[in-house]
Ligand SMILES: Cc1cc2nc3c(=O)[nH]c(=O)nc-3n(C[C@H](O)[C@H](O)[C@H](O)COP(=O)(O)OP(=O)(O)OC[C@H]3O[C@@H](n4cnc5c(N)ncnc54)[C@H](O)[C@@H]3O)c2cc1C
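Quick setup: one chain, the form predicted on its own, written in structure tokens, and binding and motion questions come after.
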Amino acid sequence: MRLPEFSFHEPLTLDQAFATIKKNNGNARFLAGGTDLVPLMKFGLETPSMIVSLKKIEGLKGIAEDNGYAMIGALTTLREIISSTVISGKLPALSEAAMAVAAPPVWNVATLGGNIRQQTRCVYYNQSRAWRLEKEPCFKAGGNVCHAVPRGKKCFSVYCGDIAPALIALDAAATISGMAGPAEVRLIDLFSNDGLSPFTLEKNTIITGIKIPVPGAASRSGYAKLRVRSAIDYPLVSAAASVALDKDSIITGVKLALSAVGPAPVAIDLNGVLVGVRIDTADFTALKDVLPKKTQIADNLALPGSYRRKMLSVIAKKAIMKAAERAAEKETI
């Protein structure tokens, strides 16, 4: 499959990037790593007449710890995140999520911001143009039907990012920039919960960086993912957790975020379920009732929705236990 024709630009500053985009009258796309955009273009799902690369703009890469926060540029590659001792030591869920993306060759080019901004997916949508011509266009392709939920009145495409749930569980914020200038928003507020238009960002606005509060010694995180193969595949269900323990291994705080459960990542409040109990005696059975109610799982990924719903509590428990074991190790040092 060939890429459609387009003009290509490499501005050196954000101002130049926004000025270039503005001249295009709307049919242009920013390019970070390209691991999401390029396949969509090959499938004919994205047909921009202009690509504006961000790769030569200074200040959009790097990892630093400053005043109690980890600061990560949006164009920082997943390889750089995986290699960072700051991330692996203090924010392990983010390191694990980055390692769970695709395969090592992809880590070299895929970026933090690009992984967050990836489009929602569906087995009835992410196909070649020839394949899609055999069916009536779905909502996401401009039609009036959902092939995954035939009587559905909306798009049920799925957000399948690995990085976003880890950042949400870590209370991350995103710095953004657009025609109106820079701003900072909670990461979870970037998502609209609408499969057709998954993000709340205004047109031609980009993520420039991520800001994560560095947790205390007794708080750590973990990430777990369900997929068919051990590499390449997008999550069928994934969970990121941040857990804080006191000196007696009693849970004092827990944050959970899920991905591949609907058109946006979902933050789950478990304070009334797990907080106040010892981690080794915690009853996780309540997760089976709590988690499915927060999701919009349909039969539109590689495994049936019924199986993915059953696996929610399994994957969530795995992420929580990873985080708790790491927090317990720090507490006893």
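Sequential numbering from 1, following the sequence displayed. From a predicted model like this one, the values you see are computed outputs, not experimental measurements.
Another form exists, predicted in complex with the ligand; not displayed. Remarks below refer to it.
Mapping the unseen interface onto this chain, residue 115 counts among the residues with a heavy atom inside 4.5 Å of the ligand in the predicted complex.
The ligand is not shown here, and in the predicted complex it never comes within 4.5 Å of any heavy atom of residue 88. Using a 4.5 angstroms limit between non-hydrogen atoms, residue 31 touches the ligand in the predicted complex. The shortest heavy atom separation between residue 54 and the ligand in the predicted complex is within 4.5 Å. Partner contact region in the predicted complex: 32-40, out of 264-272, 286-294, 64-72, 32-40, criterion any non-hydrogen atom within 4.5 Å of the ligand. This chain is displayed alone, yet in the predicted complex one of 207, 187, 251, 170 has a heavy atom within 4.5 Å of the ligand; that residue is 207. Residue in contact with the ligand in the predicted complex (any heavy atom within 4.5 Å), chosen from 224, 257, 174, 110: 110. In sequence order, 75, 78, 100, 101, 102, 106 are the residues of 75-106 having a heavy atom within 4.5 Å of the ligand in the predicted complex; the partner itself is omitted from this view.
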